[in-house]
Ligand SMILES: Cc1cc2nc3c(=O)[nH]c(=O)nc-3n(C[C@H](O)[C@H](O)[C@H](O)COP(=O)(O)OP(=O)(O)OC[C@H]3O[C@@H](n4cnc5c(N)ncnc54)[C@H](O)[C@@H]3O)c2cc1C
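Next up is one chain by itself, shown in structure tokens, the form predicted alone.
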């Protein structure tokens, strides 16, 4: 029986565990540095059809309908103008069984945890070192060691584990952006709405059938190294209010009913993290963290975990060869979206809006730009 260590109990690690749970020839353990998982977090995620197909293989199609939502369109607005610029029909990427889906991150985590025995997850555990001179010997923070046939590193964008297996500079870089997240209990649009402003944009979408909506704003902001290292800085009411003021002064949004507000610095990958070590894989944000403007973080975590599973089962070593092209495609789309959403010059924004109106109805472009990622 092959033994597998999964470092990190995020979406990618938990999805992989669900696949392994059905395989009798493999034994796995999940090692998580936190003392518990935050299952009360109400923030939303978007899951495009590519990941829904994979989730449905492990029973996501049976999740209560009240806990998810199927938005039909993406609407585009200027932040200071109530008139819609254009919209993109998301249903063109759906099929009868798999639909573009929004939900709470906690809803997905609870679903993924449901079929994983509690004794398979070891909390308060940090990977200290890996010795692959003879099989794979893993050393943990609680002064013990275990031998594994495979190790999957899926402990997020700030993964310390991947620094152990690579001598490259794989630390993420600050993207000169702040994410402001929160929840609305009511909103008047059941689609995904993107509001574009000068050096910022924000997105609102439903996360279930209970009139709960996710709000996330991305604001460009340069910060000092000392500020980035200060967690209290991002939690301070003064800082959060300054971000809210920037949005309300430059848009029509009313944030009075926004709840559970938190601010985060946005970090992205500088380079693609890979390893030449046989039977050691990277997944999720530990492999590559995208800018958030294409909403593919969760979907790509699921995709990559599925590819790792297929690689382990088949014995193939082509995992990264198959992933690199897709990662690059999504990364440049994310950067392009971020640039287009944050334009400030009035002439440039006018040109952008005209181009958006044309491209949003151009089926050939939509299949190339979105269909290849959302569905293929």
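Positions refer to the first chain, counted from 1. Bear in mind the structure is a predicted one, so any value in this text is a computation, not a measurement.
Keep in mind the form predicted in complex with the named molecule is missing from the figure; the text below concerns it.
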Contact with the named molecule in the model of the complex, heavy atom within 4.5 Å, among 106, 198, 94, 125 goes to 125
Checking 160, 250, 269, 193 against the named molecule in the model of the complex, the residue with a non-hydrogen atom inside 4.5 angstroms turns out to be 160
Discussion item. Under a 4.5 Å heavy atom criterion, is residue 33 part of the interface with the named molecule in the model of the complex?
Written reply: yes
Discussion item. Can you tell me whether residue 156 touches the named molecule? I mean in the model of the complex, with a 4.5 angstroms heavy atom cut-off.
Written reply: yes
(Q) With a cut-off of 4.5 Å between heavy atoms, is residue 205 one of the residues that contacts the named molecule in the model of the complex? (A) yes
My question is simply whether residue 142 lines the interface with the named molecule in the model of the complex - judged by any non-hydrogen atom within 4.5 Å.
no
Per contact check vs the named molecule in the model of the complex (non-hydrogen atom within 4.5 angstroms), the hit among 68 to 76, 81 to 89, 179 to 187, 251 to 259 is 179 to 187
Of the residues spanning 288 to 309, the ones with some heavy atom within 4.5 Å of the named molecule in the model of the complex are 292, 295, 296, 297, 298, 299, 301
